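First comes one chain, alone, set out as structure tokens in the form predicted alone.
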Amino acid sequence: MIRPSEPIIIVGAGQAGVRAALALREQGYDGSLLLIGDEPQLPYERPPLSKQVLLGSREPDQCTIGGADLFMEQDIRLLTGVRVERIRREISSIALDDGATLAYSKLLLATGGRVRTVTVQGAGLAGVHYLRTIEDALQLKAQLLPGQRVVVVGGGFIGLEVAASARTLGCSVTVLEAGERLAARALPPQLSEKLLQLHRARGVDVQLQSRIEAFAGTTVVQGVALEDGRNVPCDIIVVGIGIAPNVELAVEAGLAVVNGIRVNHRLQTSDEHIYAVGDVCEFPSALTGRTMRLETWRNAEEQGKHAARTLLGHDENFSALPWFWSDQFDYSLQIAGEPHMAAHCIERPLTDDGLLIFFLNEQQQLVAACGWGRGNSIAKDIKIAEILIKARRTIAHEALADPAIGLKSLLKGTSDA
């Protein structure tokens, strides 16, 4: 039960936190609502940082999730540049870094994550960058000038998006990836190879199985020393090796934390009055029940909206499918579902070097789909695949493999047909 005299407090003003606040108002909550962020700016979206902001096609004020007027209109009290120091569960309150104490009726943790950093020699040299915030993006953008030699450490999505942007801006770019293929944790080998071919064709020097020993330089970075004895000279290093969830508040408060703040199907933590959403939470998959943590824009959106409903008393399981996209150069990729569940993998070639990959379990049910194509060409197919996954449809291999058979025809019998 929400105590009307005390607010719902949302800690974290990123995508998940803001979406939850707005959804609470959209769903009729008219009580006190407080949104707290530790960054000084208005809340903003992060996906443009590695692409449009670096390329200069989008200014920081075009990345905000609504302006100050929106929060005023919605009667959402927004505190920026404020850090929550402690949760006092025994009296349902939080302590801020300015000494204030605020009582809550329900608490939603949307504290996100922070970049993982390297600890090699030279890690503190000028010219070593990370990318998580608008300040990070603006500092890096100022350095990405034509002719600059850029080394990107990490062949995951953030690293590759930065590499594509830097190359487009006229930089000389080298990607150093420790693994045997690009984005291996998220992509099947076929799409890793597509990414590799694209980047190399556009002039990016991708070096796989390259392990960092040290960053060279005295005060400013001048190169990267690899464990195999090679040295890669550079002017700028961008480290993109993932993020770590900001779980410290939850740990100190005694909430269950494993690979994130553990929540149940309703996004409720081990304290019935506290919920968690977005990059920071570990939740049970709707398809398998196994716990997972997703660092995606879509997950933040969907969990924010679902948490709002749960906070207002709706007893529904979170059932959104995992979905992710990345844009690099003039190509995009999308992934829906959980490819690791697959027993069979079916490829459907598309025109203009595009490719769809379908993943089926042992019962021949579609459990995931990946797409690769120029521009937004695969978006419609992945959307149809999402419907088929949710419907747990049994589909013949031949129908999925044949590009002459429209995927829409496979929807017959589903509620979205």
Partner chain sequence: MSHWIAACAVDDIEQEDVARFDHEGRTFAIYRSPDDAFFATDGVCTHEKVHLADGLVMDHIIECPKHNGRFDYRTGKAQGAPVCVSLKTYTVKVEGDRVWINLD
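Positions refer to the first chain, counted from 1. As the structure is a computational prediction, the values presented were derived from the model and not from experiment.
Quick note: we don't show the form predicted in complex with the partner chain, though the next part is all about it.
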| property | result |
| --- | --- |
| Contact segment among 235-243, 297-305, 275-283, 91-99, judged by heavy atoms lying within 4.5 Å of the partner chain in the predicted bound form | 297-305 |
| Touches the partner chain in the predicted bound form: residue 351 (any heavy atom, 4.5 Å) | no |
| is_contact(residue 408, the partner chain) in the predicted bound form, heavy atom dist at most 4.5 Å | yes |
| 4.5 angstroms heavy atom contact with the partner chain in the predicted bound form for residue 45 | yes |
| Contact flag, residue 379 vs the partner chain in the predicted bound form, heavy atom cut 4.5 Å | yes |
| Selected contact from 327, 213, 205, 85, since only one has a non-hydrogen atom within 4.5 angstroms of the partner chain in the predicted bound form | 327 |
| Partner-contacting position among 323, 71, 104, 130 - heavy atom within 4.5 Å of the partner chain in the predicted bound form | 323 |
| Within 377-392, the residues that have a heavy atom no more than 4.5 Å from the partner chain in the predicted bound form | 379, 380, 383, 384, 387 |
